[in-house]
Ligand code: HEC
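The data below hold one chain only, encoded as structure tokens and taken in the form predicted on its own.
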Amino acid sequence: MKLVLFASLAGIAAAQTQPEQVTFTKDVAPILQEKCQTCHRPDTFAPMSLLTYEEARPWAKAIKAKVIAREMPPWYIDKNVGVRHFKNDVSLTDSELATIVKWVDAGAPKGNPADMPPPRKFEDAKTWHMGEPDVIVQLPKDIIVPAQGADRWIDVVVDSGLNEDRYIQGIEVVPIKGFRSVHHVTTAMKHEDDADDGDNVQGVFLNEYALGKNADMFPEGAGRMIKAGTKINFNLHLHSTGTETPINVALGLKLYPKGYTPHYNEITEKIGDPKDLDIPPNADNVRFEGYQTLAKPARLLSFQPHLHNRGKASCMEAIYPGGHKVETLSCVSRYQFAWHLVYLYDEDEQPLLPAGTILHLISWYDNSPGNKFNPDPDNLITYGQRTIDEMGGAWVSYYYLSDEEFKQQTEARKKKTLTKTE
């Protein structure tokens, strides 16, 4: 009897110490809903849907490989240097990554169907990262990109439909057809009251889309006006991919409530884009740099590097007035041309920079055969708009501060930091 009792107790103890099995329905599905399904669902650009167990199970080993390599979800900024926290961080936590790995290693079990969370609801078939826009403007008809041919740059002007002045809080452009043929889209606001000095032919810059781009979202209190009667100029860079492709794109705008006037005027501009790029054939770790000086105190909101297929890394640092202090702000150390992501700084870590600060952008390139995205390592590569050329800039969003605002915000940041460390 004692022997039987001891065996029973040992079995209970073993069951209590044995880790609970990781299953799709209970553990993995919530992660996929939060981090993956925005793209991985029907009628989007993702190669497979991950809404159900039956859809995800055949891809289990591939999912494990991608998450271990930190290739998926796409998030390539180095969180060990500079700004470490972001408003729109879609990367997996260490715990979420470990859960997926355990699930795959256990044979990817389904689990109890009763544990499955309710399906995530999506507002429409498009991938609006910022949620359903208040205003959507799209091309009036599809543009046909031939199967073969040189890159094309065209402008299409479309009425926004706005009949009153409003302030913008978020901007996003999505290709709704033929995304593989859309290298980039630059949108601008054209209004009959705007002066045209010859340098403003396309209008006032609004947003830049490139492959894999998410949304530009402004913090509360910062915005950009769009006037009644404004037309949107779509400047499209189209690229043939071997198949005749109809393309169309849509611009989405999130608006502040009627009558609201933000305190700060948000600015987005491209910095550090060296036109003297000269990348030798079969060369790796080729470095180029660019600089831009802030005329006034500023609060930086986001960072989005823009390189092409030879791009390897892009880092931005602040050289403070006098050059006695240099601080790394952001570094995308594993640049991916397929993902032109906007990294939105967390409010508590948005860099506060004094007037005269120099933003220093450093880009690295791999034009060697070891770069699997390199179409021809034997070519000398220079600056250019074509997909086979290179660039080295970054889109940076910020707003200017008065001297008094800069002092107040800097002191408030110091106090908040001290409180956290106490």
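Superpose the two forms; the largest set of C-alphas matching within 1.5 Å is the rigid core. The structure presented is a predicted model; accordingly, all values stated were derived computationally and were not measured. The first residue of the shown sequence is 1; numbering continues from there.
From this point on, the text means the form predicted together with the named molecule, which you will not see here.
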Pro280: touches the named molecule in the predicted complex, heavy atom cutoff 4.5 angstroms: no
Any non-hydrogen atom of His40 within 4.5 angstroms of the named molecule in the predicted complex: yes
Contact of Lys35 with the named molecule in the predicted complex (heavy atom, 4.5 Å): yes
The named molecule contact at Trp59 in the predicted complex, heavy atom, 4.5 Å: yes
Stretch in contact in the predicted complex with the named molecule, which is absent here, among 40-48, 390-398, 376-384, 354-362 (heavy atoms within 4.5 Å): 40-48
Output flag, Gly203, Ile226 and Ile232 jointly within 4.5 Å of the named molecule in the predicted complex, heavy atom basis: no
Among the candidates Ile143, Leu344, Met72, Leu307, the residue which, in the predicted complex, approaches the named molecule to within 4.5 Å (heavy atoms): Met72
Position in contact with the named molecule when the complex is considered in the predicted complex, options Phe122, Tyr291, Trp339, Tyr320, heavy atoms within 4.5 Å: Trp339
Residues within 4.5 Å of the named molecule in the predicted complex, restricted to 159-180 and counted by heavy atom: none
Val182 C-alpha shift between this form and the one not shown of 2 Å or more, rigid core reference: yes
Core fit, then Leu211 C-alpha moves 2 Å or more between this form and the one not shown: yes
Shift of His308 between this form and the one not shown at or above 2 Å (CA, core fit): no
Closer or farther in the predicted complex, the Cα atoms of His40 and Ala210, when the shift from this form is 3 Å or more: closer
Shift in CA distance, His184 and Met48, in the predicted complex relative to the form shown here, given it is 3 Å or more: closer
